[in-house]
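One chain is shown next in structure tokens, namely the form predicted on its own.
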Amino acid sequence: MTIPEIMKKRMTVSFEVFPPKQDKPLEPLMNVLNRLYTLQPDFISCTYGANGTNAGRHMEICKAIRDSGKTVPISHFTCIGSTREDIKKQMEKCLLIGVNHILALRGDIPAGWEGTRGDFSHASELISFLRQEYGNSFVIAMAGAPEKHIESETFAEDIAHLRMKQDSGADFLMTQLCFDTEHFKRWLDNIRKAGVRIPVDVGIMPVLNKNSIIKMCLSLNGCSIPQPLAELISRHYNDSEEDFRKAGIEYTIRQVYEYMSLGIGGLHFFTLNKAEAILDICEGCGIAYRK
């Protein structure tokens, strides 16, 4: 059963991991994966670096997830710097190791580049190409930013791109982090009005470290920090990182409940390659051992 088919029956729960650098051992991540498997996730996605850096280790991890027999791997894939032939080679490698779920992305354009330096400039073009070349051999996810992609001039432009990606053949949508659930509700309503009907998998960033949250929101993703989260960050918690972590886990659990009440297709936790906090959150939400 594919991920979209599962989403039609019930809410999915899944995780994102990233590969270690080439000079680092794989064993710590394998241990994290083994802990995550105990939650019986519907899938685990694996990122790689800009312009496909660390792609070898990325594929190694996708294969390890596939070979575990515990869940479905989803391979992130960007078209930055890639020709059609480059993409076909990578897709053949995916099929060879049994990876048939792809998150199709344009990718971040590195500083100093003009355009993507590849055959495609938009994720919609990549998705269309994959559908034309491989039919239904791949289940294709697309990305969405509830607070608008930082390169889009307007929300209307951003939602139009979502519609184009869906119409090019995407099967479901995976969102970037969004702490403002009221804004998410408006965004979800607007994309539905625009005809984006595919299931929405919500990206959940656990609140574990105040400096990391500030950096992710303000420096990397251009998303807002709503007042309840700003208040949490402003409290001192006796300058204890552990006390903040506990409060952050409670905050994340409340946010998960809010998202679940919206009838979303799934919850996708950005693990940051740390299993214990995710286990605490899922257990606190009542979604551990749910099958």
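Position 1 is the first residue in the sequence shown; the rest follow in order. What you are looking at is a predicted structure, and each value in this text was computed from that prediction instead of being measured.
What comes next is about the form predicted in complex with ligand FAD, which is not displayed.
Could you tell me which stretch in 93-101, 142-150, 183-191, 128-136 has residues with non-hydrogen atoms within 4.5 Å of ligand FAD in the model of the complex? The contacting stretch here is 142-150.
Of the options 174, 204, 170, 207, which one has a non-hydrogen atom that comes within 4.5 Å of ligand FAD in the model of the complex? When ligand FAD is considered in the model of the complex, the option within 4.5 Å is 174.
Identify, from the list 200, 74, 178, 123, the residue with a heavy atom within 4.5 Å of ligand FAD in the model of the complex. Looking at 200, 74, 178, 123 one by one, just 123 meets the 4.5 Å heavy-atom criterion.
Are any of the heavy atoms in residue 118 no more than 4.5 Å from a heavy atom of ligand FAD in the model of the complex? Residue 118: no contact with ligand FAD in the model of the complex.
Does any part of residue 68 reach within 4.5 Å of ligand FAD in the model of the complex? Heavy atoms only, please. Because no heavy atom of residue 68 falls inside 4.5 Å of ligand FAD in the model of the complex, the answer is no.
Although ligand FAD is absent from this view, report whether residue 47 comes within 4.5 Å of it in the model of the complex, heavy atoms only. It does: once ligand FAD is placed as it appears in the model of the complex, residue 47 has a heavy atom within 4.5 Å of it.
At 4.5 Å between heavy atoms, is residue 164 in contact with ligand FAD in the model of the complex? Because a heavy atom of residue 164 falls inside 4.5 Å of ligand FAD in the model of the complex, the answer is yes.
Each of 16, 78 and 107 near ligand FAD in the model of the complex, meaning some heavy atom within 4.5 Å? Spot residues vs ligand FAD: full contact, yes.
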